[in-house]
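Presented as structure tokens, the chain that follows is alone, the form predicted on its own.
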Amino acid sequence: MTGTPASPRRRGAARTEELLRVTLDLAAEVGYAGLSIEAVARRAGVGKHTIYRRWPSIAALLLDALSLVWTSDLDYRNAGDVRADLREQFLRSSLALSSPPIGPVYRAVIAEAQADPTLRATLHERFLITVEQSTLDRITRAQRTGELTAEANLEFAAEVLCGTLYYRWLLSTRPIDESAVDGLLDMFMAAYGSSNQN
């Protein structure tokens, strides 16, 4: 007795995920400069039309590939102490951003977005806002529990925390190591920690 055949929708979803994973593997090998719809099609053993039916451009394909691996592993663990939570998440996400599969794909999309305003807006909406908002949510909870000063507006603080790490990752040769993260968090807690209230 044979099993029930997979529905066309399930087969389509499996093919889509397969193409996204092929894209991730290829991006890690050749970088953005060597990546194209044609190259992905050759690696996946499909025709170009199979990919173009799903994605209009290589940038759109890369965004969806990035979404596949941009998982809850980059979320905050919420162990209790806000400084410890920020430190753990920053070190963990920095490692993920510096390593395949996220690192090469994310760098490629960011580079392409500099000349493509629509892609830049999409990148901001789908990824950067998520990163910033999760940090803001975490430090806002700390403010409600009394770990951070009650009167402070933390939106700019969240942007500075995330922006500092992105600057090092994208534009600097300096590492995002424990020393860098600790220095950043020392400044943040000195400015916003509730023990600094008079």
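Numbers for residues come from their place in the sequence shown, where the first is 1. Given the structure is predicted, the values throughout are model-derived calculations rather than measurements.
Below, we refer to the form predicted in complex with a further copy of the same chain, which is not included among the displayed structures.
Although the partner is absent from this view, Q143 stays clear of a further copy of the same chain in the predicted complex, with no non-hydrogen atom inside 4.5 angstroms. L24 falls outside the set of residues with a heavy atom inside 4.5 Å of a further copy of the same chain in the predicted complex. When a further copy of the same chain is considered in the predicted complex, Y32 lines it closely, a heavy atom lying within 4.5 Å.
Though the partner is left out of this view, L19 does not reach within 4.5 Å of a further copy of the same chain in the predicted complex, counting heavy atoms only. Every residue of the trio H124, E132 and G163 has some heavy atom no more than 4.5 Å from a further copy of the same chain in the predicted complex. Counting a residue when any of its non-hydrogen atoms is within 4.5 Å of a further copy of the same chain in the predicted complex, the hits in 107-131 run R107, I110, A111, Q114, A115, R120, A121, L123, H124, L128, I129. Distance between the C-alpha atoms of Y32 and D116: longer by at least 3 Å in the predicted complex than in the displayed form. CA of G31 to CA of D116: farther apart by 3 Å or more in the predicted complex than in the shown form.
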